[in-house]
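This document starts with one chain, in the form predicted alone, laid out as structure tokens.
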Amino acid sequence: MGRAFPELEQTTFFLHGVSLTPVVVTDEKGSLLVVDGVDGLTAERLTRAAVVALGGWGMIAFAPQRADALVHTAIRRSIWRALDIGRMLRAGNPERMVAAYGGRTLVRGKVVEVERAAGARFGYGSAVLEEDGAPGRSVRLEFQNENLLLLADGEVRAAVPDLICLLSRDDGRPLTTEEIRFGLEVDVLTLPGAPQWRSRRGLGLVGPRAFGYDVDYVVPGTAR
């Protein structure tokens, strides 16, 4: 994935036509479930239901393939990249991280409103930020488990599949959607998603419209 997405078919394996099945699901008690003979979307639904039945978490193996195929189907060095970003943030150097990975700082501000709702499958909601030095400017963050869309005065500033990252102004720590609350001072950054996701098929799987937002993906910094 090169970032977090909620569903099994939102992987480059599925993007490249690799069958997701058989999927093997297990838990720490030794329970074992094999999902096979179905398409990717059905495999996602069955696997998610199984994980819920197992208590809310499990380990899975899926999209079996030859190791040499991973050169073409996987996002290479994604784990290394995550570790490198973590080291930079732990060292208190978000500016270096942004520069190293082609990112941008979009907003510095304070959370003034948070709305949450429970969807059929994911928790979703939105947050309104008051931007430093721009009184009256409306900046809205939309999320569904992950941050998916950032709008300023109704204009798209950043969108999935690019990463929209919130860092706490206090200590530079990355914040999950569950931690967003009123009064929190944050920096909002964006990092480019993997190039595979910017293709037409990739955007069909993980672009804004795949999550129900009636907007198109824009490259950060190009909107006016």
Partner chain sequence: MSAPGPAPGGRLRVAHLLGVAELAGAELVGGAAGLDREIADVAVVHVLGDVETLPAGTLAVTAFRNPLGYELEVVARAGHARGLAGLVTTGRRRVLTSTRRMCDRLALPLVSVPDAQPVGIAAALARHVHDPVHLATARVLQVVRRLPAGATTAQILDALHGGLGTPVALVGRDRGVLAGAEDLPLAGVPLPAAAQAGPAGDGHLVLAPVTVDDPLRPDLWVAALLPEAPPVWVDGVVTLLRVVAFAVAAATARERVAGERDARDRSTLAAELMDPTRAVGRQTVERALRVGWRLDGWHTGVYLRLTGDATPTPAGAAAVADALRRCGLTGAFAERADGWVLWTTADTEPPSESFRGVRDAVAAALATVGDEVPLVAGVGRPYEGRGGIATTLQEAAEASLFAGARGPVEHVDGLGARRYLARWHQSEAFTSYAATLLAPLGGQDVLLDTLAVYLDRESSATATASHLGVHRNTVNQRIERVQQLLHVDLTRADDRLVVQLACRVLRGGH
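What you see is a predicted model, and the numbers here were worked out from it, not measured in a lab. Numbering follows the first chain given and starts at 1.
Beyond the structure shown, there is the form predicted together with its partner chain, which is absent from this document and is the topic of what follows.
Pick from 28-36, 185-193, 54-62, 151-159: which stretch has non-hydrogen atoms within 4.5 Å of its partner chain in the predicted complex? Looking at the partner contacts, the answer comes out as 151-159.
Report the residue, out of G92, G133, G136, G102, that has at least one non-hydrogen atom within 4.5 angstroms of its partner chain in the predicted complex. Spelling it out, the residue with a heavy atom inside the cut-off is G136.
Report the residue, out of I85, I75, V98, V114, that has at least one non-hydrogen atom within 4.5 angstroms of its partner chain in the predicted complex. The option sitting close enough to the partner is V114.
4.5 angstroms heavy atom contact with its partner chain in the predicted complex for R108: Judged by the heavy-atom cut-off of 4.5 Å, R108 is well away from its partner chain in the predicted complex.
At 4.5 Å between heavy atoms, is N145 in contact with its partner chain in the predicted complex? Taking the distances in the predicted complex, the answer for N145 is no, it never comes within 4.5 Å of its partner chain.
Taking heavy atoms only, is G212 within 4.5 angstroms of its partner chain in the predicted complex? G212: contacts its partner chain in the predicted complex.
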